[in-house]
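One chain comes next, on its own, written out as structure tokens in the form predicted alone.
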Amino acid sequence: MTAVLVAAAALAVGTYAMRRGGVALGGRVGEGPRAQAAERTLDHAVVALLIGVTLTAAVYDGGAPAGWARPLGVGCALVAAWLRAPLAISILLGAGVTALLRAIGLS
């Protein structure tokens, strides 16, 4: 029980430090080529992080592969999002494709 409390306290302190550091550094970022390069890098890092999380969740179910239906459904949703379909339509399309593939026996 003590280890859990210590871990929760360390996580709380770390989270607060990250947020406080962002506020403190946000005012120091100025204009110029280095600031613009840093902003572009951070934008790309966010996209890479989201793609990594999406692919990991789409391909694996726990520690085992999720099968073909889920990755194909996520792929359809990503294509719909890339074509600038509304978010609800993209989500429903991905879920529908996954359900349809599972219904025909492709799991």
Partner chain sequence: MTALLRDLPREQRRSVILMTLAVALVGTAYGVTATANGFALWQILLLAVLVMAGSAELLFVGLIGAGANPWLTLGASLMLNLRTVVYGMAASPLLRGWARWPGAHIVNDETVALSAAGPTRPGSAPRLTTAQRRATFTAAGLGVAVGWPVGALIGATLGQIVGNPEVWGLDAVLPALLGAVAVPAIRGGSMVAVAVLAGAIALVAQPHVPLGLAPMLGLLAVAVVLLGRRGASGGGSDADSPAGVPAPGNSVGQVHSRETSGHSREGSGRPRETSGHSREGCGNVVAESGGVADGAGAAS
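Numbering follows the first chain given and starts at 1. What you see is a predicted model, and the numbers here were worked out from it, not measured in a lab. Note that the rigid core is defined as the largest set of C-alphas that superpose within 1.5 Å between two forms.
As for the form predicted in complex with its partner chain, it is not shown, yet the points below apply to it.
- When contacts are judged by a 4.5 Å heavy atom cut-off, residue 8 counts as touching its partner chain in the predicted complex.
- When contacts are judged by a 4.5 Å heavy atom cut-off, residue 4 counts as touching its partner chain in the predicted complex.
- In the predicted complex, its partner chain lies within 4.5 angstroms of at least one heavy atom of each of the following residues of 45-60: 45, 46, 47, 48, 49, 50, 51, 52, 53, 54, 55, 56, 57, 58, 59, 60, in sequence order.
- After superposition on the rigid core, the Cα of residue 88 moves by less than 2 Å between the shown form and the other one.
- Once both forms are fitted on their core, a CA shift of 2 Å or more is seen for residue 12 between the shown form and the other one.
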